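Form predicted alone, single chain, as structure tokens, below.
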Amino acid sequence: MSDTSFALPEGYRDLAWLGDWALPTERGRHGKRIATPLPEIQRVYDALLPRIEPMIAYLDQFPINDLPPAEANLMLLALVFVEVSPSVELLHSPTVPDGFEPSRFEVHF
């Protein structure tokens, strides 16, 4: 996804370079994380960490099930932060060291 096709609200457009991470499913975001080297994950984390609380406060203005397109993309970036945080803060790896093969997990809601 190019920077120009990934719409974000005013004040967040500098994060458009993260559009390739804004995948619509948890499985997709997880797959992206485990296929990405840790330095790139760290770069994504570093870009989102100082923005996550203002992002959440901004998104709280909108109904979660009826987000405008730019705000829906911003929500996906918040979910990207959730996905990459364990790799940086806890695991120090894209995957769980000595863990099960990620494809063996299924999440049901």
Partner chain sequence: MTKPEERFHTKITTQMPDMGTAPLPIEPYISAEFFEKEREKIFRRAWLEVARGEELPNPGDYVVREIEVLKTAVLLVRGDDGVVRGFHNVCTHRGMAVAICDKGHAKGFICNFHGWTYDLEGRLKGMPGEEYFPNLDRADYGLRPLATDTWNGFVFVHWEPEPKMGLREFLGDMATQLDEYPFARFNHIARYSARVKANWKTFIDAFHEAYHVMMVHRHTVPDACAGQENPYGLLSSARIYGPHHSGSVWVNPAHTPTPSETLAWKYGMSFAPGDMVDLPGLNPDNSPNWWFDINVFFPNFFIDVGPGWYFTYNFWPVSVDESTWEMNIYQLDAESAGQKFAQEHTKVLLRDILYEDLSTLEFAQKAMGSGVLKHLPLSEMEIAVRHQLHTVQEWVNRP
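Source: prediction; values computed, not measured. Positions refer to the first chain, counted from 1.
The same protein also has a form predicted together with its partner chain, omitted here; what follows describes it.
Interface residue remark: residue 98 is counted as part of the site for its partner chain in the predicted bound form, having a heavy atom within 4.5 Å. Residue contact with its partner chain in the predicted bound form: residue 86 places a heavy atom within 4.5 Å of it. Although the partner is absent here, residue 66 is not a contact residue: none of its heavy atoms lies within 4.5 angstroms of its partner chain in the predicted bound form. Interface membership of residue 40, defined by any non-hydrogen atom within 4.5 Å of its partner chain in the predicted bound form, is ruled out. Annotation for 49-63: interface residues with its partner chain in the predicted bound form are 49, 52, 53, 56, 59, 60 [heavy atom within 4.5 Å].
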